[in-house]
Each structure stands twice: as C-alpha cells, then as structure tokens.
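The data below hold one chain only, encoded as structure tokens and taken in the form predicted on its own.
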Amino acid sequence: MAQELGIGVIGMGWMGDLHARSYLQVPVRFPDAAAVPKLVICADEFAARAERAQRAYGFAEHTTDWREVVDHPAVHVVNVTTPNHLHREMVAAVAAAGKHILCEKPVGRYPEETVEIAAIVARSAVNSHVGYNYRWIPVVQLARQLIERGELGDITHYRGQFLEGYAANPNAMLTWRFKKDIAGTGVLGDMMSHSIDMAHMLIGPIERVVSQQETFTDTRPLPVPGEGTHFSVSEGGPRGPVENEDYVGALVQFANGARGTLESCRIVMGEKFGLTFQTNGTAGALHWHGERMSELEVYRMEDEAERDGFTRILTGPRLPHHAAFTPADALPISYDDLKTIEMYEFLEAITAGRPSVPGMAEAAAVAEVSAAMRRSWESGAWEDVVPLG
C-alpha cells in the first residue's frame, strides 16, 4: 500500500499554485507510486491568496503564518515557493523540524547563501529537492542516456542558452526578481542556473569560467503588492531602479576537457522560451530547443553518406515518464507535467530512503559555478570553480 505523505506549501503565487496542482496529479499519472501526497496546509502573506489556494486545490487548511506549515503535525513535506530572500530562514526551520524540503531554485539570493542553506540541510536527516524541472523532459533524459552510453564519443563542445524576452518590454513591472535584497542576483540565479544545471547533468562538472554581465534596462514600473507576475506589464506610474543583471555570458571549461559557452538573458527581443543546448563529440552531436521541447536532433558519424545530417527524434512512450501522460508518439507533455514528474521523483526518493536528485547538493554545485562567474565579472579573467564555505 502506498504511503501517505502530508504536504505543506509556503507561498501561493503562480509557482505555489503549480506545485499544489502538480501534487494532485501524482496519483493520477503514477497510480503505482510508492507515496500518495495529501495537501494539508498552504500559506501566503496575503490572506486572499491563501484562501483562494485552499479552495482551488483542496488543502485542509490555510494560513498567513508560514511557521504554522512547518509546525503542523500532519505535514511531512514542505515546499518553499517564496521569493529568494525568505528561503534561508524557512528551509532552516523545515530542516530543524525534521521535514523534507522541496525548494525552488536557485535556493539562495547569492551563491554563498545557497551553499550555506545546502550545508544546513546536509547536517539534518531530511531529504531535499530543488526545482530544476527541465531535467525531466523525456528527450532531455534521452540525450543524457546517449551521452552516458558513449554514443557521441568523447564530448568536445557544449553550448547552453536560456534566452527569454519576458522583460524585453521596458514597462515590464519591477517585481522582486529585479531587486537585490529579495532576489539577489538577476538572470544569473533565475535563468543561468538552469543552464548550468543542465550542463552538469549532461556533460559533468565545470572547472573554470570567464564571464561578463550587463543591465540593459535601468528602471521599471513599480508593481502592485500581491498582484501580477514577472510577466506583467504596467503603463505609466512611478518607476524604480533595476538592481541586478539582465544578461550573463560565459566561456566554460569542463572537467572532462570539453569547452563551451553558456548565455542567459531576460530582455532579449524575439525569444520566448530559448532554453537550448548543443553538444558535439568525436562520434556525434545533439541539438535541442525548448520551444520544440518534444524534439531532439541527433547526428551520428556512422550514418551512411546519403543520410549524412541530423535525425529528428520525437518524444514517445519509450522515453522516461512520457507514457504517464500520453500513450502516443510525438504528443508533447507540458511544463506543468514536468512539475508533476518532479513531485513524483521527490516522493519516490523519500519513500525509498535515497537522496533525491537534483537536491541541495546539485544546487550547491550550480552555486559554485555562479560564484566563479561573479568573480570573473570583477577580475575580467578566467576563474576556477572552487568549493564555497
């Protein structure tokens, strides 16, 4: 019989909503799961948002005090989906209470804070998971399998990007993501962290980097507290300063000798979901683009001359987790579905008593690369990726 695990969610903005409805889908999509989630209590500083979330998703209770989620006797797992500046205090409290933690990336405001939080969790007896959900795309999992099996030969090159224009409009609102005291870094933590994590999963550790950054839009309209998201636009009204970077680019060298580039930007015009990777080896290559999430382009050197070129591989039930959502080839799964997979994988790790991946250890590894990039902004030189703390 499946184990019932009580769930608490702190922060009921759009990401908290997504976590809640993803838990509801776990027993539907994975009927043989070892754990069944039960939504116990949700918290948000805005009472109306907490009440709405309780009604919408069937939480037994709601509150405006996040500590009530941590202390609730029926809660076994706490999801932290608040802005970054609250993560350290909340995660530390959850770990001290002996409850498992799913925290949204990049965990801390700055790399050093992420590593500090990871160390707090490591000293506890709890499991952790971090929201690098793009790992779970079925064709991305296939890409990892092809690389691990050596079908590309020795990896020589890797190019990863996360380019989005959600803030390309200079009237996109000055939400917390643009503020140093709340978000910490800008695109480095918000988007580049995904590219670093993807590179780690596919290629392996990064040894050194040389990086640059830029802020292209200096001011934005002030938001209405409790309303809108970082995709919202406001015409007119007072404006405030953008306090962190819009763009980060880097040259990277991997521990296995591969060379590459990583690039992220939130104000680039024309890009909607430009999370991509291209990797080349001595026997083949892979191309993938997030706007065609269900397609992987594969090149194999041994292909016959008249078929020399990339082959398009479409998602299907033969790939990891695809069949949980559709039995048909080529029918895509959604961003919400990736979060459902994330919740499922975390709960499975808890019931099996094994570390969940990606967890705080993987978030700390991303943070160490991010820290090297920040040092390079100051030095203008190559910087080694070294342990923090």
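Residue positions are given as counts along the sequence shown, with the first one as 1. Computed from a prediction, not measured in an experiment: that's the story for all the values here.
There is another form of this protein, the form predicted in complex with a small molecule, and it is not shown here; the text below is about that form.
S.K.: Within 4.5 Å of the small molecule in the model of the complex, do 14, 105 and 335 each have at least one heavy atom?
M.R.: Checking in the model of the complex: 14, 105 and 335 are all within 4.5 Å of the small molecule.
S.K.: By the heavy atom within 4.5 Å rule, which residue out of 49, 38, 321, 62 makes contact with the small molecule in the model of the complex?
M.R.: It is 49.
S.K.: Exactly one of 160, 184, 138, 131 has a non-hydrogen atom within 4.5 Å of the small molecule in the model of the complex; which residue is it?
M.R.: Answer to the contact question: 131.
S.K.: Partner absent here, but in the model of the complex, which of 81-89, 248-256, 292-300, 200-208 has residues with a heavy atom within 4.5 Å of the small molecule?
M.R.: Of the options given, it is 81-89.
S.K.: So in the model of the complex, does residue 29 come within 4.5 Å of the small molecule, heavy atom to heavy atom?
M.R.: The answer is no: residue 29 has no heavy atom within 4.5 Å of the small molecule.
S.K.: Residue-level question: is residue 100 within 4.5 Å of the small molecule in the model of the complex, judged on heavy atoms?
M.R.: The answer is no: residue 100 has no heavy atom within 4.5 Å of the small molecule.
S.K.: Taking the shortest heavy atom distance, is residue 343 within 4.5 Å of the small molecule in the model of the complex?
M.R.: Residue-level check for residue 343: no, no contact with the small molecule.
S.K.: Should residue 362 be counted as a contact of the small molecule in the model of the complex, where contact means heavy atoms within 4.5 Å?
M.R.: No, residue 362 sits far enough from the small molecule in the model of the complex that none of its heavy atoms falls within 4.5 Å.
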